[in-house]
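Given next, in structure tokens, is a single chain: the form predicted alone.
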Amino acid sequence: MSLPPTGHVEGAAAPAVPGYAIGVEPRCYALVPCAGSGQRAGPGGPKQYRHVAGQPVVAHTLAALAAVPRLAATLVVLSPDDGQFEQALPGLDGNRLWTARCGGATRAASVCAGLDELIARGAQPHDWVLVHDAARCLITPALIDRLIDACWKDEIGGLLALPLADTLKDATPDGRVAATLDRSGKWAAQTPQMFRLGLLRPALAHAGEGVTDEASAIESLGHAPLLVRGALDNFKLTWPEDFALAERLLQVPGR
């Protein structure tokens, strides 16, 4: 597994990141918003704590992140009234796993609060932050490394994503086809999404709490994030049937 290059990162967008220090090696942090209620996933409580392949969903997610040596730490952003994390994942605390009960009502609010927590713990504006959905429990260390390798010298940063393969339909309010859309050049966004802390924080503030992913916030400032090819099985557990599929995939030997 390759490690980040040493020394100054050439072409690393110093003007775009206030506080960027030339010659200071950036670190990588993971930030996992874990404050949602998962209502679309059906009954059974917050989906991040539902068991899949013998463990809570978020346990699989954190295990993959923990297997990436280039991540200095992973911060899990919990709801202020979360009373399940420590019970569901006993013994998972440590030097590289942090928790903070500062989650908000939206994903963007939780990520913003998490960025503030990283700063309080010593993260700097030039450090990279990889924001990853707690419910994308089939992420692999190899995919995370692919994203870091692709973005390390990029001026903006980027995200895992997949080009759309299916025909894309626009729908009417009553569930009928309104139009067939051109799928060429269309990608489905995944996570992690990797941006420098000093760029992501103002981007989220500018985009507002309605933004649904970090790349959209970066785009709102006029930047074009890098698309890094992800994987079909890096899907977000959203609907009840997703859990059965994840169960099968997680039990495949050697994955």
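Note that the structure is a prediction, hence the values are computed from the model and not measured. One-based numbering along the sequence shown.
One more form of this protein should be noted, the form predicted in complex with ligand C5P, which is absent from this view; the next part is about it.
The shortest heavy atom separation between A134 and ligand C5P in the predicted complex is within 4.5 Å.
Using a 4.5 Å cutoff between non-hydrogen atoms, A105 counts as a contact of ligand C5P in the predicted complex. Of the heavy atoms in A215, none are within 4.5 Å of ligand C5P in the predicted complex. At a distance threshold of 4.5 angstroms between non-hydrogen atoms, G36 is in contact with ligand C5P in the predicted complex.
The candidate stretches are 62-70, 196-204, 46-54, 224-232, and the one lying within 4.5 Å of ligand C5P in the predicted complex by heavy atoms is 46-54.
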